[in-house]
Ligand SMILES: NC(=O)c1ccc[n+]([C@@H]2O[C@H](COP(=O)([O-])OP(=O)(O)OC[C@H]3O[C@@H](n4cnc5c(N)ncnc54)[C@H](OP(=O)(O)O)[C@@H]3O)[C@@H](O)[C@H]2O)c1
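Quick heads-up: it's one chain on its own, the form predicted alone, in structure tokens.
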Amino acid sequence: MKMVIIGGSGLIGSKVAETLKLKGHEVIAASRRNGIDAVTGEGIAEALKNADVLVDVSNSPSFEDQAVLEFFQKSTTNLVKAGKEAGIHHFVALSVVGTDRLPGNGYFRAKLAQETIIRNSGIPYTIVRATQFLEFLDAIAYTATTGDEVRVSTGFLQPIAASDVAGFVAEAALAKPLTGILEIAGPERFPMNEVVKDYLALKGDSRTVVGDPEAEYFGSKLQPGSLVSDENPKLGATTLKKWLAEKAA
């Protein structure tokens, strides 16, 4: 099959592309680097000629509320238009667990807008919602740090490794469209303050982590289950300790 991966040079997309190529599929790892820009529409129609599956794992270069909303609205609208014209059989998009639970979070609002465009497109689709990436723990700690103190929510995280995410996205691309949502998550569930504390300790970082139920997560107060899946998700295999050991190797 011919597969076009939007965001194909990124953290997830590069891994998805490699997996699908190893399985013998024709893969176009689309990005602005090779003249394909979903936001402007440049190069999309040509890339999608004779394509069977369109995979979107792209991400906005800006996380400012309006910018990220415009990114996903424009790019997804362009992809849907070009995909319908090309007659693709399956649109696979990576999203986030909890998009419909945190309306105060601009990024989650943008991802929900993306999902809505795909659901209304008429193209058979699978939306893969992932929990927060293990690779995102640094950013969580950084944004919550004042001086030597890291104040984070006590809501739960079930962080998943990017390699596991890529594997699930590749599996979805090879499967029949769900015309629905597949949720994926890491194998361990912890209060956010505990996983950040363990992560920093395993790295030898001496910052003090404080759990605060009122602490905001990128502009939103979390309920205990805001960021974890209750939909019997597919679970990745990579634990926090395994992931850190692999990074250190």
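The first residue of the sequence shown is number 1, and the count goes up from there. Since the model is a prediction, treat every value here as computed from it, not as a measurement.
Heads up, the form predicted together with this ligand isn't pictured, but that's what we're talking about next.
This ligand contact at Phe71 in the predicted complex, heavy atom, 4.5 Å: Yes, Phe71 is a contact residue.
Contact test in the predicted complex: Gly10 vs this ligand, heavy atoms, 4.5 Å: Gly10 belongs to the contact set for this ligand.
This ligand contact at Phe136 in the predicted complex, heavy atom, 4.5 Å: Heavy-atom contact with this ligand at 4.5 Å: present for Phe136.
In the predicted complex, Asp37 touching this ligand (heavy atom, 4.5 Å): Judged by the heavy-atom cut-off of 4.5 Å, Asp37 is in contact with this ligand in the predicted complex.
Candidate from Thr76, Thr126, Ser153, Gln132 lying within 4.5 Å of this ligand in the predicted complex - any heavy atom: Partner contact (heavy atom, 4.5 Å) among the options: Gln132.
One residue of Gly219, Pro224, Pro61, Gly180 in contact with this ligand, assessed in the predicted complex (non-hydrogen atom, 4.5 angstroms): Of the listed residues, the single hit is Pro61.
Listed range touching this ligand, judged in the predicted complex by heavy atoms within 4.5 Å, from 145-153, 88-96, 171-179, 117-125: The contacting stretch here is 88-96.
This ligand in the predicted complex - contacting residues of 109-124, heavy atom within 4.5 Å: Residue within 4.5 Å: Lys111 only.
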